[in-house]
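In structure tokens, one chain follows: the form predicted on its own.
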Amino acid sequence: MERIDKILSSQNVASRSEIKKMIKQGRIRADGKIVRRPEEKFDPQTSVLEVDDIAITFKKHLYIMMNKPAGVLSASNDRYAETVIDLLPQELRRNGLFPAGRLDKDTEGFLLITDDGELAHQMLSPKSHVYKLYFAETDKILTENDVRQFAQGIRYGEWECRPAEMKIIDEKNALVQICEGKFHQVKKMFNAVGANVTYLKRLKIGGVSLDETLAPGEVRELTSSEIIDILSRTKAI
């Protein structure tokens, strides 16, 4: 059981102070009855809540797929630069949202934004073996020897990562699949074999592919099946 003002503010209906005013105006109902006090408590999972006769669908967490554009920070907030949270439409904004598994500023593609810390931890932990698939353009002609080096695990100075899979598409382009998320990992892996990444895009997380109908910067909520599939250990290549 939670306070009605807390429930509705968590669903981005309005601020708690605004909700108190709405309650005084008789605009909020719970289970068919007008709510009289903001401290009244209800079960958000089972109570029927209405604001101005419009039913509110309670969502404990949000799971948002973004086609992240280049030039935007994967951060919740920043004093000087635009962040992925700044790109969210007003109806999908709420406190506690964060990018799960950050992409570099110049990297594009599938970014999950959520307020579910437990799911994010499962998705990002190397122990979970949730694979992330990337498309990479490089400045070097790639070879099967590079593929073998990725498969053996990469050491680059004191930096190292687990074995990864690479599939060469053509001379300088490849798909790369990893189950870690170290800082600049894909770029460092290519650096270790003498290549620089000139373009990088994340295509897939777990069993969920980027919705290609989303233009850069656009978002949509994950479906219920996608929320489950994002923790899939299925390999893409």
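Heads up: residue numbers just count along the shown sequence, starting at 1. All figures in this text were calculated on a predicted structure; none of them were measured in a lab.
Another form, the form predicted together with uracil (URA), is not on view; read the next lines as being about it.
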Spot the stretch among 99 to 107, 148 to 156, 121 to 129, 81 to 89 with residues whose non-hydrogen atoms come within 4.5 Å of uracil (URA) in the predicted complex.
-> 99 to 107
Which of these residues, 208, 186, 179, 65, gets a heavy atom within 4.5 Å of uracil (URA) in the predicted complex?
-> 186
Residue (of 35, 200, 49, 193) lying close to uracil (URA) in the predicted complex, criterion heavy atoms within 4.5 Å | 200
Can you tell me which residues in 126 to 143 come within 4.5 angstroms of uracil (URA) in the predicted complex, by heavy atoms?
-> 134
